[in-house]
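As a starting point, one isolated chain is supplied in structure tokens, in the form predicted alone.
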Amino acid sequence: MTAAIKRNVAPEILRTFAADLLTAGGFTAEQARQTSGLLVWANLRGAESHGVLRIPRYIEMVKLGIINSDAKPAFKTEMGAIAVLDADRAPGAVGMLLAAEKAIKLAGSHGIGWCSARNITHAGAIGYFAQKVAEAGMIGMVMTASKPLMIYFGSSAEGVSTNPLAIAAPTADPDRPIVFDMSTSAAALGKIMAARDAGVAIPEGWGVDASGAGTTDPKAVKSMLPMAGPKGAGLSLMIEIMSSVLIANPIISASLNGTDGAAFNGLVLAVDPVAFGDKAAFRQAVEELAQAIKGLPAAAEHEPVLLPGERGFAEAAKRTQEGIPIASGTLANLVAVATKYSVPIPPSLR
């Protein structure tokens, strides 16, 4: 495969274009604003897999009734530091932002806040929500659960999902928290989608084809493989228990038993350092830890030791100045949507 040509576009132009496409495709204006913010955040940080390439599928999900543009999210139960939100199949960004805001509020009152979100839809790059918690001065932990997409270790069939986990912590710089964001699969499904759009091969060990054989062709991938074998599969299983089973909205067992019907679920946990001591002292201690790690000898010459999320912040700074590169395959898909719904195409994307 050969890499496709990419076009650079200014973040604010892409954000507006994305919101216009989503609105034309059935999202409310506010749903589109929140979703485009999440998608372009991912593109800025170099995570094309969770960026605007998702727009055609999100619009399709509205048409199929998977995403409910008339959703009325509501908190169903609250007990102390714990709350459960039913997102009513709202766009993922909408449901998870509500959960993050609630977790932060609860942590402000109790020192810790746990908000489970039932019936969300695809939540995208969940580091976005963990970062929101960290920007509020708290430690944030975010998980989401979805239907079987990944081979369960020791099995030949899809038994768990690629359930992601993100953890973020504030530092002395309020604009640069440490943000760890991972998939429990060897690579996120969106990275395979991005490889399809870019026309490039994927590494071995990411997925298997319909026959169960490993493949480097992103178009041939049928199922994902877990990160670190049994560790990735086991972590995904536990995320399903914490995010889905705990709130009586199981996804994996329902799917495997043929009673499919549950939407996605999410979980946001916020911890206020004030509950443990001085908040400023905590931030400084995190900063000292970060600098100690960065001071370790590099394994490769001219390759700095990086903290979780640091590469993303650097890439975002670069792309803010130079523009966000959009693969030609992704661009073609976005232009097709714009043409279908008579949405004006920005000159830089024509």
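When you see a residue number, it is the position in the sequence shown, counting from 1. We call the rigid core whatever largest set of C-alpha positions still superposes within 1.5 Å between the two forms. These numbers come from a predicted model, not from an experiment.
Beyond what is shown, the protein has a form predicted in complex with a further copy of the same chain; the following relates to that form.
A.B. asks: Establish, in the model of the complex, whether Ala157, Ala168 and Leu246 all lie within 4.5 Å of a further copy of the same chain, using non-hydrogen atoms for the distance.
C.D. replies: Yes: Ala157, Ala168 and Leu246 each sit within 4.5 Å of a further copy of the same chain in the model of the complex.
A.B. asks: Would you point out which of 316-324, 60-68, 34-42, 285-293 contains residues with a non-hydrogen atom within 4.5 Å of a further copy of the same chain in the model of the complex?
C.D. replies: Among the listed stretches, the partner-contacting one is 285-293.
A.B. asks: Lys231, Lys222, Lys105, Lys147: which sits within 4.5 Å of a further copy of the same chain in the model of the complex by any heavy atom?
C.D. replies: Only one option qualifies, and that one is Lys231.
A.B. asks: Which residue, Ala280, Met182, Ala201, Ala74, has a heavy atom that falls within 4.5 Å of a further copy of the same chain in the model of the complex?
C.D. replies: The option sitting close enough to the partner is Met182.
A.B. asks: Met79: heavy atom within 4.5 Å of a further copy of the same chain in the model of the complex?
C.D. replies: Met79: yes, in contact with a further copy of the same chain in the model of the complex.
A.B. asks: Within a 4.5 Å heavy atom cut-off, is Gly113 in contact with a further copy of the same chain in the model of the complex?
C.D. replies: Contact with a further copy of the same chain, yes.
A.B. asks: Would you check, heavy atoms only and a 4.5 Å threshold, whether Asn257 touches a further copy of the same chain in the model of the complex?
C.D. replies: Asn257: contacts a further copy of the same chain in the model of the complex.
A.B. asks: Classify Ala29 as contacting or not contacting a further copy of the same chain in the model of the complex by the rule of any non-hydrogen atom within 4.5 angstroms, answering yes or no.
C.D. replies: Because no heavy atom of Ala29 falls inside 4.5 Å of a further copy of the same chain in the model of the complex, the answer is no.
A.B. asks: Using a 4.5 Å cut-off on any heavy atom, which residues of 231-249 would contact a further copy of the same chain in the model of the complex?
C.D. replies: Lys231, Gly234, Leu235, Leu237, Met238, Glu240, Ile241, Met242, Val245, Leu246, Ile247 sit within 4.5 Å of the partner.
A.B. asks: Relative to the superposed rigid core, does the CA atom of Gly212 travel 2 Å or more between the shown form and the other one?
C.D. replies: Passes the 2 Å threshold, so yes.
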